[in-house]
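Just one chain follows, in the form predicted on its own, and it is written as structure tokens.
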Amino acid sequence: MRKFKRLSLTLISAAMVLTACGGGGSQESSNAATPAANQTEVNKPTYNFKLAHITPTDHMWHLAAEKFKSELESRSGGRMKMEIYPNSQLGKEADMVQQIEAGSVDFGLITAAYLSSREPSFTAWFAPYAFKDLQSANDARSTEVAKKILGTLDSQGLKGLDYLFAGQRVMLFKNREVLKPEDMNGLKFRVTPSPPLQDFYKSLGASPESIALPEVYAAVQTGVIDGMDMDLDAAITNKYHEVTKFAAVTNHMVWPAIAMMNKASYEKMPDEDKKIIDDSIKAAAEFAVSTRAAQEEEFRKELSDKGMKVYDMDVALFESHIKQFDEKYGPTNPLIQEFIDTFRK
């Protein structure tokens, strides 16, 4: 009987030891089976970004914003999410930039035209006929002078990430076919309230009018203005073809948006996450220009089909106005002069 009891106690003790070892061994196996990368992934920060811009949802900049969003989510493995606020939902560009400075909005696609009123070097992008086509303008993104201009935002608490292009600028007229600059004399023309753009149109004899984008359609319709400086994208997405009869495809200026972020927020991110942002916005910029360049003929045809007369104007007609811009703005800022010297070849 005593032997039986001793044997029972021995078996019970052995079972307890095996059970304890089995539990510990299972935990170790679980840890060993989890890749180190997955363990690290748990500790990586997550983000819920906000991005604001001024264009409708069918404009190229919004499509580029959506591409940026998808790239962020894909490259971060879902750690980076983003809400997009298009069509000036968060206010005018001045309001958006304020919100980015304050950190309540993370990203903005802000026109170089607006930024030229805050930082004069962005004026360089409005040098008339600096580029032969949209792809040439896009290639300029990677030049040293373009990077220097982006870098001027640092002093404002902003991080300039990249440039995104929609179409080049064209001229839309309510009821007059303008065939040469002299034909614009006395016309009331909607122009973005940026000094270089307004000066260009003043040199053509037009009277520049600063009207908020949502009010432009009615302003043309009621005769407050005779036409507008615009791109073909917006002529379609904002339905300006309903109130203007003529489109002169001058392609006289490019129209970059500056992708920007709060500088302090960017700088406190891990280097890996900064790279995800940099690579994602670059992919969005390339998507925008390749898509938009391929749409040029399609947009011209669409406007023609909608009843507009779409025609070209020779760059040679604007030679004196090009010279006037360069002589006025080049000496005002070293980066503007460097830009002009780089691309007037």
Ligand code: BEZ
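Quick caveat, the model's predicted, so the values are computed rather than measured. Sequential numbering from 1, following the sequence displayed.
What comes next is about the form predicted in complex with the named molecule, which is not displayed.
- Proximity of F318 to the named molecule in the predicted bound form: non-hydrogen atoms within 4.5 Å are absent; the residue sits far from the partner.
- In the predicted bound form, at least one heavy atom of W255 sits within 4.5 Å of the named molecule.
- The named molecule in the predicted bound form is not approached by A130, whose heavy atoms all lie more than 4.5 angstroms from it.
- Using a 4.5 angstroms limit between non-hydrogen atoms, A248 is distant from the named molecule in the predicted bound form.
- By the 4.5 Å heavy atom rule, the three marked residues H59, T111 and T192 all count as contacting the named molecule in the predicted bound form.
- Of the candidate stretches 67-75, 227-235, 135-143, 264-272, only 227-235 contains residues with a heavy atom within 4.5 Å of the named molecule in the predicted bound form.
- Site annotation in the predicted bound form: the residue of L51, I54, V289, I277 reaching within 4.5 Å of the named molecule with a heavy atom is I54.
- The single contact residue among L213, L204, A219, I84, judged by any heavy atom lying within 4.5 Å of the named molecule in the predicted bound form, is L213.
- In the predicted bound form, no residue of 89-108 lies within 4.5 Å of the named molecule by any heavy atom.
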